[in-house]
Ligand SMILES: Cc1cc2nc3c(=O)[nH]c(=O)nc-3n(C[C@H](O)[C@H](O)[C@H](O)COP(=O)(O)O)c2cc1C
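Okay, so here's just one chain, in C-alpha cells, the form predicted on its own.
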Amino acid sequence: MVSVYEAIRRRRDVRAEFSGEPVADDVLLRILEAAHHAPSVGNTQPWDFVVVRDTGTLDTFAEHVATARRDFAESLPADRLDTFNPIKIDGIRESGMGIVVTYDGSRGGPNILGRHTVDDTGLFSAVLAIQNLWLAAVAEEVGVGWVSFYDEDYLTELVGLPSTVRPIAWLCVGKVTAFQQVPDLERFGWRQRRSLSDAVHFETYRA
C-alpha cells in the first residue's frame, strides 16, 4: 500500500484513463469502508453511497452530462472555449461504474452537536467521506472522477433519492491504465495550481 502522502500526490480527477476493467467487489467494499470511516459532525454520518453499474443508467446520465457540457461551452467567450473544447469532463461510460454520494441533512434529528451555529458542517462531513474514498481508491490503483455537470433534480430522480437526501457527487470509479502526473486542467491550460506560499496566512488574512 502507498503512504497517505503518496496517495495525495497521485490523486487525480480521472476522465480519459479508465481501462474498462471492472473493480472487484472486495476492492469496492474496502474503498467504501474507508469512506464510511470519515469523521462527521455529531457523528451523524450523513452520507450514503448509491453504486450504479447498469449500462442503461450510465448511458442516460452520460447523455444528460453531455447536454450540460454543451450549455457551459456556449456560455464561454471564444478564448476560453478554445481552451475548454479539448478537455474531457467525465468518464461515465468508460469507468463502468458510478458512485453517487449523497447528503441527508435530517439525519441525527434537530439537535446535532457541532452543527448549531455552522449548518454546513453536515455537508462538509459528506465531502470528507468523498476524500477518504478517493485516497483509498488511489491506494487500490483505482481511478475516481468527480462529475459536476448535471442538474441536481435530474440526478435525484435518476437514482430514486427521497426528498430529504441531496446528491452531492457522481463519482466515476474504475480501474485505470495510468494516473496522469499533471492534473488535466493544468495540462490543458485552464488554470494553474497556486503556490503554497500564496495560500498560507499567519495570524490574519493578507490580500
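Don't overthink the numbering: it's just position in the shown sequence, from 1. Keep in mind it's a predicted model, so treat the numbers as computed, not measured.
Keep in mind that the form predicted together with this ligand is not shown, yet the notes after this line are about it.
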>> To test your reading of this chain, name the stretch in 103 to 111, 85 to 93, 70 to 78, 116 to 124 whose heavy atoms come within 4.5 Å of this ligand in the predicted bound form.
In response: 85 to 93
> Does at least one non-hydrogen atom of Leu185 fall within 4.5 angstroms of this ligand in the predicted bound form?
Replying inline: yes
> Could you tell me if Glu17 has a non-hydrogen atom within 4.5 Å of this ligand in the predicted bound form?
Replying inline: no
> Can you check whether Val147 is within 4.5 Å of this ligand in the predicted bound form, heavy atom basis?
Replying inline: yes
> Counting only heavy atoms, which residues in 186 to 204 are within 4.5 Å of this ligand in the predicted bound form?
Replying inline: Arg193
